[in-house]
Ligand SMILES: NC(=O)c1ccc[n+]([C@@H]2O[C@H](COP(=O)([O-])OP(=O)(O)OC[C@H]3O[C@@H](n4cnc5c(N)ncnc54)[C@H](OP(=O)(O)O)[C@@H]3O)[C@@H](O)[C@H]2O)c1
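Shown here is one chain on its own, the form predicted on its own, set out as structure tokens.
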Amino acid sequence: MRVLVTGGSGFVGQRLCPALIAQGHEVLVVSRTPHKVRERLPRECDIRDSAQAFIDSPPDALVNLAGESIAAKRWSDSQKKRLTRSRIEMTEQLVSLCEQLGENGQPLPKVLISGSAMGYYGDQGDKRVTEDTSPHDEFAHRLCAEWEAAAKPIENMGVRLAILRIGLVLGAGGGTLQKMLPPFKLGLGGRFGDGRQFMPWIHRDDLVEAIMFLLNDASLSGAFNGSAPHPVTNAEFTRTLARQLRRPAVLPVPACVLKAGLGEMSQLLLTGADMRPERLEAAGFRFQYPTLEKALAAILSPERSA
């Protein structure tokens, strides 16, 4: 297959693109700065600055992972607009590409795997969350809902749409652990607030496999929770990470400090959802790293031997 990937130079994309190539697929990548991301991707990748630039190479499948990091900056009104715009504009590019292909009489992609996030559900307390759970209305939900809605028109063109609501992505060299590891290695880690909020997570390799799974099974469409089957609370995550690093974790960060420092963005750290991958598992997907203990052991083994 010829697979077009947005966000291909990101933390997940850098693992997905080589995996697709290893399976014999041709990989097309959209990046606003092709020359800057060239060294992050396999040389076989065809990198262009927009989805429309591939009108002469109609893709068989689309994977949409693009979007500015939600935790990169404090959520000012302007930053909220940037977060939303970065997701919606790229998704609309893919829809527009399909419209152009159709108008030209060219073949349309068979499937779009479009990213979303656990934030779709908002704060769910300790309620078990599946794809059918009603969301809590807050900024993270509205952001994800608009992102998902931007992809929906593609269904009217006969393109299969699978939405992947992704949890915290764990892996070496980036993702959620990148900012957490330095203080924990120094023994300065601790829970956020009371630690009771859930942290749905997924190992990067399992996320890549889930994307491949959705690409290859033509019967799968709709929303899927992209997280491991055993989510943990923040307190459990903290204890497990500290144990894997053989460090103490006795310095909790009070909720009031996070709210003062991060404003509304502190919701990312102080709330969560006990999100379960019910539809993926029902479809037969099996996780290589179903538990946090196993995932962190695999990720951190070089750290412990260093």
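On a predicted model such as this, the values are computed, not experimentally measured, just so you know. Counting begins at 1, following the sequence as shown.
Omitted from view is the form predicted in complex with the named molecule, to which the following refers.
(Q) Taking the named molecule in the model of the complex, would Gly10, Gly13 and Ala117 all count as contacting it (heavy atom within 4.5 Å)? (A) Yes, the whole trio is in contact, each within 4.5 Å by some heavy atom.
Q) Since exactly one of Leu245, Leu28, Met265, Leu65 fits, which has a heavy atom within 4.5 Å of the named molecule in the model of the complex? A) After the contact test, the surviving option is Leu65.
Q) Between the options Leu168, Val208, Ala150, Leu161, which residue brings a heavy atom to within 4.5 Å of the named molecule in the model of the complex? A) Checking each option against the named molecule in the model of the complex, the one that comes within 4.5 Å is Leu168.
Q.
Would you classify Arg82 as touching the named molecule in the model of the complex, given a 4.5 Å non-hydrogen atom cut-off?
A. Result yes; Arg82 sits at the interface with the named molecule in the model of the complex.
Q. Can you check whether Val37 is within 4.5 Å of the named molecule in the model of the complex, heavy atom basis?
A. Yes.
Q. Does at least one non-hydrogen atom of Thr130 fall within 4.5 angstroms of the named molecule in the model of the complex?
A. Outside the cut-off, so no.
Q) Though only this chain appears here, would Ser86 touch the named molecule in the model of the complex if you measure heavy atom gaps against 4.5 Å? A) Yes, Ser86 lies within 4.5 Å of the named molecule in the model of the complex.
Q. Out of the stretches listed (189-197, 215-223, 68-76, 134-142), which one is close to the named molecule in the model of the complex, meaning heavy atoms within 4.5 Å?
A. Among the listed stretches, the partner-contacting one is 68-76.
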